[in-house]
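This document opens with one chain alone, in structure tokens, the form predicted alone.
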Amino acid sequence: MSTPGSPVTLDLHDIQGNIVKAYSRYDYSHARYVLFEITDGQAGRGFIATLAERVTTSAPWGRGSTEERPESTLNVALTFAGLRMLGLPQASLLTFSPEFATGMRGRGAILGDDGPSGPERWDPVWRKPHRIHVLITINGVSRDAIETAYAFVTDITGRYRAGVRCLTGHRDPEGRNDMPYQAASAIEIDGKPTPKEHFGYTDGIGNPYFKGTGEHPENVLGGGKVTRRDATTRAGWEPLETGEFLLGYKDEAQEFPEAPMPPLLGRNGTYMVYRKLHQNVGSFNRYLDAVGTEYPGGKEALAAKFAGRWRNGAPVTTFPTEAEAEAFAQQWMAAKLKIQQTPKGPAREEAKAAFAQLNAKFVAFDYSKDLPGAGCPVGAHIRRTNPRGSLEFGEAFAFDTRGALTNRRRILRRGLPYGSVVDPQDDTGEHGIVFMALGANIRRQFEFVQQQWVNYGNDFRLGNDRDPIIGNHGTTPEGKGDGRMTIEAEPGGGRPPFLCGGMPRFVETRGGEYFFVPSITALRLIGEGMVDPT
């Protein structure tokens, strides 16, 4: 019987690569997302079986591995309707989670997909969810690599055209609504890809780190779970349990999460939430410009309070001023560059150690010394989506474990920005983020965070206040936004509380669905029509 501290061995060759690997860390700065409808089960199974032989796994490559990093990756996910069209037995279909079977459109009231985020406003391809059956995600190090992988997918689709159809209806920056895929890519500055998103924040920081991945041990800092009061070193953190993110393994409750049957169908698989999120960049910038004139520190300080990080990624709870954040960012970049410029040997190991100490300040923090929110507001975006042990509101931690109330809500985040901002004062352009969340339980992880922490503030003692950046703010009868956020006062008679009101909706949903990401074994079973629930 395993214990919370026991190691986990994963068959990384059986797990799809986008579950364990955050592809952006491997310089995959371009992506293409393609949707398919299956009209004939036999042809659809042949399509899946052929793709299964080409799917990118989580087996190690690059950065010290003997395997070379491929120029592009290919991964496959299936909807509930797709599994039905592929001929899965009813007994197996009934073992999938209810929210997955219902689909994202049917869960709109829980997710806050109303008003400008309502399904009637989504890209045409997403408006008839039951015809969406297969999602193929392609990531590449260059546009040429994307085109090569896409040509392969097109060729395979042609072989099975009697029963497989690529769906059109994606929007593109030129305003066309009939594109056969959703393109995405990292935002480039001076011709180089960056981790920025269209509001200007550094994105992709602090993804969960769980047992068995084989990822670098330093990634446990900020990515694992806080276990000690000193959370500034690796000793203060432990990996999360594998079952939070992969089916077939024990989770943080030391239980096996509910999974599809038979066991080979679910094991090493997971669920994926795919959401195309449009960013109202003009509204965001105008709000910062207007309210930032009243806020001490100006609009950059206000933007930092909204997110919980300065736009360069430095956490406000650790770096309270813009000057401190900028100085730290320069040190961090210099230390990272030194590693790249130092030949292998003792000197390089020293450079890595120095960088690790700096990086700990970037990711290894919690809010134990900032419970009232004087540094990072209680309602800030990153604090709402990952409270880092602050929901206990004191020293008596739930189950004697700091963060126990948070550890079961963690999600793996994937995806890239799409489009480009031509006019920073305009909302109508085609720009935003393709957001993907991976986890073993859609309801307990993604939906809980979206409903209870993003669009409702009671757990944070904030009443109905929503996440300032991604919350589904409504509109008053006068046509103004009704969103609000309180930036808490500094203790000891310092800066008084500051109330932000009249926030419009800065982020709107433009489409999405719930998917199942099978293991390689399960893909082959599905493709061969050999899933036997008995």
Partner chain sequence: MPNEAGRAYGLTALCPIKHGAEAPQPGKPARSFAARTRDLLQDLNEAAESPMACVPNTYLCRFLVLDNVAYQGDPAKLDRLRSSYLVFVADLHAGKKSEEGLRRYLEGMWEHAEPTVRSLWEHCVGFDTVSSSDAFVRYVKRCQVENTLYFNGSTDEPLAEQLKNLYLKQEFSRFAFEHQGKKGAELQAAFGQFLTRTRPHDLSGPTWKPGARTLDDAVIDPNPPPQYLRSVPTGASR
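Remember, it's a predicted structure, so these values are computed and weren't measured experimentally. If you superpose the two forms and keep the largest set of C-alpha atoms that fall within 1.5 Å, you have the rigid core. Residue numbers count along the first chain shown, from 1.
Omitted here: the form predicted together with its partner chain. The next part is about that form.
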(request) Identify, from the list 482, 40, 490, 27, the residue with a heavy atom within 4.5 Å of its partner chain in the predicted complex. (result) 482
(message) Residue-level contact is defined here as any heavy atom of the residue lying within 4.5 Å of its partner chain in the predicted complex; does residue 508 satisfy this criterion?
(response) no
(request) Indicate whether its partner chain has at least one heavy atom within 4.5 Å of a heavy atom of residue 498 in the predicted complex. (result) yes
(request) Answer with yes or no whether residue 464 is in contact with its partner chain in the predicted complex, where contact means some heavy atom within 4.5 Å. (result) yes
(message) Given the stretches 464-472, 40-48, 27-35, 53-61, which is the single one in contact with its partner chain in the predicted complex, using a heavy atom cutoff of 4.5 Å?
(response) 464-472
(request) Inspect the rigid-core superposition and answer whether the C-alpha of residue 54 shifts by 2 angstroms or more between the shown form and the other one. (result) no
(message) residue 480: after superposing the rigid core, is there a C-alpha shift of 2 Å or more between the shown form and the other one?
(response) no
